[in-house]
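One chain follows as structure tokens, the form predicted alone.
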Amino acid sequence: MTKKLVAYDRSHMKIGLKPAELKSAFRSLASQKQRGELGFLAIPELKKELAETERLARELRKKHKTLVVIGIGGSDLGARTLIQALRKRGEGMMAVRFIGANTDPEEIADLLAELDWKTTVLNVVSKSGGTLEPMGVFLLLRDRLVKAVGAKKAAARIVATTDRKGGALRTIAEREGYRTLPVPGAVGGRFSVLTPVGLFPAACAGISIRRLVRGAKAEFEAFFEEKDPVRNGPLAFAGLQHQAYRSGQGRMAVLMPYAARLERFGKWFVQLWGESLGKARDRQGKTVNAGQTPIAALGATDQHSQIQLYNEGPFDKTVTFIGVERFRAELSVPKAFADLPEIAYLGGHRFGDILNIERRATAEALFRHGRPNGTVMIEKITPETVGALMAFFMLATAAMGELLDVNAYDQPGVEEGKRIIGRMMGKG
């Protein structure tokens, strides 16, 4: 049996599972896997792409100091999550900056003012090369880079992560002589973090991308090995969210990591869960307007901003905590002011222990208020556990799609807005 890197505690969910429904969803996913229809499951087998990504990142780290990643949505959120969770500081590690997720001119100007073009590499990420926000920003940064170092040197400092065969960015890259990395055709953007889309920025920052993929592979294998739906973490998570959603107790799904390094993970989850499951029609074409509204929170910070609502507001949310057993750094509160009981009790407690006590206490308080909540646990923040954590939620998303009977891999509601923007801007 494959060792599980992620554990799911559902003791505070107060919602019953329906094993028959979960077994049906599991069989459907196993059948799709066998037919090769779940593209993200093939990520651990993309060994050529992994080696290509490592090699290019290693080369660029020797010569340059800063990587600017230009992307949006699935081309941006995953890489940001990896960098925040696992970034290293030291000789040979590139600083990674992000832009292109917005067209705010002040944000762009702030970045331009800080860049040293002589030590900067651009990584533009777009499967099609036609996405407005990153491509607009890329054209501006490319122009500044060319002016600073010349066209030939600029071409050597631009990496395009895009479709292998076609699209506007592929055409530009081949015309200008940029190095390229592939966006696998079978992997949708919001599932692409463990492909060159997210792995290249991570490798430039000195993160072991092989360990990331190894963790994801372990979680994928554990999922299909565990036939008992009650013991299968991602399947049980999806089943409980579905039950809460169907009963009206979980129209919204809050994800609340208790680790500052995982704050961005909540935002990555918001796109994954919302874009995959928010659908107007089911697979039979019936109008269902399905989907939980995902919400990102951060413990312990949001105990002081959101928990009041979750404890005493409408009964329409589930809360899922992400807990970390051991932190990579540890500090303790000094003992001081012994004559002040409201302060003195803090002395001697380790900060990691305090954070975990706050998480457990918040879960218990929600439980006492009748609010369903569960906890996803990892031992420590490492490349393996982060990769496994991402795989856990990818699998849960796929399972939830089966339970809702919707296509979890398209995004027609996004495309309509893109078409309207194109018309307003005069696109043919």
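Residue numbers run from 1 along the displayed sequence. What you are looking at is a predicted structure, and each value in this text was computed from that prediction instead of being measured.
Below: the form predicted together with a small molecule, not depicted.
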Please identify, from 288-296, 82-90, 320-328, 124-132, the stretch that has a heavy atom within 4.5 Å of the small molecule in the predicted complex. 124-132
With the partner omitted here, the residue among P257, G189, G239, G215 that in the predicted complex has a heavy atom within 4.5 Å of the small molecule is G189
Partner-contacting position among I72, A244, I209, A154 - heavy atom within 4.5 Å of the small molecule in the predicted complex: I72
Does K418 reach the small molecule in the predicted complex, with heavy atoms at most 4.5 Å apart? yes
So in the predicted complex, does E219 come within 4.5 Å of the small molecule, heavy atom to heavy atom? no
Is T180 part of the interface with the small molecule in the predicted complex - any heavy atom within 4.5 Å? no
Interface membership of Q249, the small molecule in the predicted complex, 4.5 Å heavy atom rule: no
